[in-house]
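Take a look at this single chain in structure tokens; it is the form predicted on its own.
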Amino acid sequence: MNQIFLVNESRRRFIQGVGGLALGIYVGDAFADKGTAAPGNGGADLLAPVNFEPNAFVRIGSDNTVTVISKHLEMGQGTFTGLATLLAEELDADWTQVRVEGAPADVAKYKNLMMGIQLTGGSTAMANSHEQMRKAGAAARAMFVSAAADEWKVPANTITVVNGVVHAKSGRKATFGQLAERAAKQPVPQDVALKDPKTFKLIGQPKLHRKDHVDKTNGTAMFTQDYKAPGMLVAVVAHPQRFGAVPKSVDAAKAKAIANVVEVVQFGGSAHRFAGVAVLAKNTWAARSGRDALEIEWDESQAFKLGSAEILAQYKEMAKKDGLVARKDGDAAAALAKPAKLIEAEYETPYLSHSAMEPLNCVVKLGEGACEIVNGEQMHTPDQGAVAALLGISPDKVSITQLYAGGSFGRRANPQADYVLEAVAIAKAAWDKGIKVPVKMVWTREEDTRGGYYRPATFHTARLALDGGGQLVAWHHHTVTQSIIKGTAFEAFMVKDGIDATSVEGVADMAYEIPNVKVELSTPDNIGVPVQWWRSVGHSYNAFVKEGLIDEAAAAAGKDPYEYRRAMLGKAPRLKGVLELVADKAGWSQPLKPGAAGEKRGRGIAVHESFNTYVAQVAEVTIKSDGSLKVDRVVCAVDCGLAINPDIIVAQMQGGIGFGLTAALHGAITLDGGVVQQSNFHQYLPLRINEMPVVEVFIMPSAEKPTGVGEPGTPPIAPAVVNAIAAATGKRIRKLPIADQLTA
């Protein structure tokens, strides 16, 4: 099988300089006991790398280049920079000489330690790899010190390493590149001491430039959309309007008459993947034009045909019946029987599209009994297995080259491997017609918007009981939503007693001290809209409901919403800590500056834990005389443990807030007779630049292990905004998006 290689300047420079040290650290509780690193050749043959197996998290060339291997995908959230920071800190590398390369698919080497498979998701990159990358860097540093001690005949404890240069007290010094050959001969340390955080030079440093920012600003960064291979054809697909429909007849004559169109292929689907028709052409425009010229009759006999209104009506009926119990503390029914005050509420959230900047795409090259994937790959191991199963080959015959991804927000991490399998199915159909070239499948924005695998729509009923002093004594919550996990390979460990943990996360495990809590879940099995996790998964809607209800309880009790929350977080000190920090930084105790004549202003607060990260936000809003809403300011406090890259943390909070505001203000995927009504950003509205509020982010100092920041900034923003609206107008928003509810 011919390998597909990426060729760019950074790879050329690496190949020219790999006559040095390659170090790998075992993915486990201790370092691998695999002997010593292989000897180098002093750079005599610069095309011959020296490898230490089984894993390579860092390679150091004779030109002093430090290449960090990232097992996690860089899709905009700063993973490459974070992992490189951890390793370079312990290595004492020169940051300007550090570069990062995405790891190929190899679960034995690059599995996510929290999940046992190779993937990027759940905001686990830093939490998963923190100690692993630091140990990799520390071991490499120790080997350089040992090499210098051997060569200079001095004690190792008299040697220091600063910015990629090894120094002896005698004044002798050598670069990593100069010592690489000798360092490669040293035994890999079985136990290495990590730095005292007080001595960090890179970790926690603000203004540490990202390792992907130069390539992404000068246009040399390689995304799947940029990738080209010799002889490659581009495939654009005709999908059915309704989920579950299949092609009945296809007239491709007009499509084949278009210049640069090479072939039209039909491919089958499955319960979790479209069947469709693809036009293969020499360029994207020709493929798209050919796709638009196809004449297809669709068989919709098995297609899903309910609309949003019918789905919601079913959910409301399901909520009237008992659901599966996800949490039960005390006796909520008894406490709700005769409350001093009772709150009854219904909340709704719609389907949401991921709408990443780079629509779905994937490059496939088939060989005899083998397959190569080039992709912004998020789910290496599951995708590898799914492709192997489709082709009837073993997973080790499926290679995956990881490129940058232009966002994902969960879409590229599909347990069903839908779009990757679609690309492979198209390539296989072309192969069967004698077209044995690489195929790049490209979804247009319309396919990306209409293509399913949305965040699921939800319906919630809640009954809250307050005692005579206004304290919450009971909380009964019933969620109705589709399961993301059932029917996937993740079901075995994420679904227990019929309950998909992602459906109730954020409410079933809420930290508020309430003596009587009952959380129920009902999961429909007849809704054919494909769903999957979306940035912060179930937290994204459950935080909206939970924090809206807490605010309603505070109002019913006649108490300040900040103080009300704070009083119930005695057993959650880190959650309480960010709540106190955000209230202080937002000036919660001070009056909000009034608006212009005819305007109403309000301030709302929300706090939520997701993925072991604690985030509190205060939103300030203005409602103008015509009912239009402007979110003016958001103050955010975050506790994510050790702050590896403060600037990236700030950026992720800002991005998560903007992403959450898109959903809160505008976002909704709706169906009519099973047909998705939105096609592009004129109908599925993103947040506009003039709608983005001023965002102030404050990071809680912490010595705890780092946790993720890619998702936790999103859940609190919608409830903070609707709580601010309630403070300004007295109107409770219980349905998202807010849209025109203030003008209705």
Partner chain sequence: MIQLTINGKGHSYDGDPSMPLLWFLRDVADLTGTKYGCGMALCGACTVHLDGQAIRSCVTPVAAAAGKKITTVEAVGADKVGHAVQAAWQKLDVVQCGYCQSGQIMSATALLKSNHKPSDADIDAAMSGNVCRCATYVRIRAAIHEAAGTLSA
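Positions refer to the first chain, counted from 1. Because the structure is predicted, anything quoted here is derived from the model rather than measured.
We do not show the form predicted in complex with the partner chain, though everything after this point is about it.
- Proximity to the partner chain in the predicted complex, defined as a heavy atom within 4.5 Å, holds among His539, Arg273, His354, Arg141 only for His354.
- The partner is absent here; in the predicted complex, the one residue of Leu208, Ala489, Val246, Val145 having a heavy atom within 4.5 Å of the partner chain is Leu208.
- Proximity to the partner chain in the predicted complex, taken as heavy atoms within 4.5 Å, picks out 279-287 from the listed stretches 279-287, 263-271, 373-381, 607-615.
- In the predicted complex, the partner chain sits within 4.5 Å of a heavy atom belonging to Val695.
- A residue is said to contact a partner when one of its heavy atoms sits within 4.5 Å of a partner heavy atom; Gln132 fails this definition for the partner chain in the predicted complex, lying far away.
- Using a 4.5 angstroms limit between non-hydrogen atoms, Phe223 touches the partner chain in the predicted complex.
- The partner chain in the predicted complex comes within 4.5 Å of a heavy atom belonging to Trp443.
- The putative spot formed by Met75, Val214 and Thr662 is fully lined by the partner chain in the predicted complex; each residue has a non-hydrogen atom within 4.5 angstroms of it.
- Shown without its partner, the chain has Ala405, Gly406, Gly407, Phe409 in segment 393-431 as residues with a non-hydrogen atom within 4.5 angstroms of the partner chain in the predicted complex.
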